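Here's a solo chain for you in structure tokens, the form predicted on its own.
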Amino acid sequence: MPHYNAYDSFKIKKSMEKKQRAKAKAFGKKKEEIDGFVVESQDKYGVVIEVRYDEAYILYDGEIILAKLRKDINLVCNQVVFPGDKVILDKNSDDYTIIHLVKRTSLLSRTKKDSTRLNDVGISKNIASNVDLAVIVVAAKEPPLHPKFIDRYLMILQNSNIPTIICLNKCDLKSFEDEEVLDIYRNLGITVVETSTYRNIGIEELKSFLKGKQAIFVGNSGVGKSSLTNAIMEDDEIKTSHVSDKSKRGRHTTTTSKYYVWDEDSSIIDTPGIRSLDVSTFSPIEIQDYFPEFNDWKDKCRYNDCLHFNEPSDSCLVKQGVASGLISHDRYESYLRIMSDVLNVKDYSGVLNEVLPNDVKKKSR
């Protein structure tokens, strides 16, 4: 995690503990009722398409209706249901109430490293459920391609057992360096689709992967997730925005996760952009499992608990694989950056430079 002084760290820790205690207390009060809230299956249900603080918009019988959570749950709606959830409703006069939640097949959560006026740093947030396919959307330019961000999302999605593809939007602006980055993921067996909403490139190919699935678009701000949703739905009404000219970072256009049906049994959950992802909840020893290119090397290290971080190169086969060029330098740097967050190490450049050729040595960061 980023470095904070002792007082800031104390405030953040206490804030997180307070929120966790409040949530646990709310669940504890009505544990019996909440235990009965989730059901295994149901033939007739609605699908949550957007959640506000104490109510949810739900696609039900071909119409969009507004529903509140049943009162005995004792929690606000956005703590209990999320876009993609299947819910059972009860109607009283013209009012709908969510009385049950159908058991989920998956739940995608993420933790932000950067804080906003609405959310503290380090707070985990559930963003979507029952996802069949995740699309990590990146851009070739404005904002530029950030492979380190891809790697963090791959970890989170793999941890949630959600199949994933990568979509390079604005592909008409692609550089040779971008192509080299994408080849790294292709060589790992990850599908890469290239699109341009401006020039109508690759949209039909992307649709072929989304057909018949409940998919989710995730990625940085300004990469074009909403524009892609527009193109797939052949609609220009979804709000989009440009990249900030000053910072070259995307503006947050989508502020909550939203659900769109574009074909029969085919839907997209469009999520808010996020500029940084916290993976510090992962244990140091498990992080290497999310880097499959390490598999042929890590079991041959001298030490069984080798983290491929501060260990000497002559005892770490992963470092030797990086030094020989058989493991991507960029992916290893991404691994080191994640490890430094988890281990609270400020600078990993010395570890990286130990295995890099002289002409690609990294400066301290």
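The structure presented is a predicted model; accordingly, all values stated were derived computationally and were not measured. Start at 1 with the first residue shown and count on from there.
Keep in mind that the form predicted in complex with a small molecule is missing from the display, and what follows is about it.
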{"property": "Ala134: touches the small molecule in the predicted complex, heavy atom cutoff 4.5 angstroms", "result": "no"}
{"property": "Contact of Asn130 with the small molecule in the predicted complex (heavy atom, 4.5 Å)", "result": "no"}
{"property": "4.5 Å heavy atom contact, Asp172 to the small molecule in the predicted complex", "result": "yes"}
{"property": "The small molecule contact in the predicted complex: Gly84, any heavy atom under 4.5 Å", "result": "no"}
{"property": "One residue of Gln214, Ser226, Ser257, Thr164 in contact with the small molecule, assessed in the predicted complex (non-hydrogen atom, 4.5 angstroms)", "result": "Ser226"}
{"property": "Position in contact with the small molecule when the complex is considered in the predicted complex, options Ser266, Ser109, Asn78, Ser221, heavy atoms within 4.5 Å", "result": "Ser221"}
{"property": "Which of 277-285, 196-204, 180-188, 154-162 sits within 4.5 Å of the small molecule in the predicted complex, heavy atom basis", "result": "196-204"}
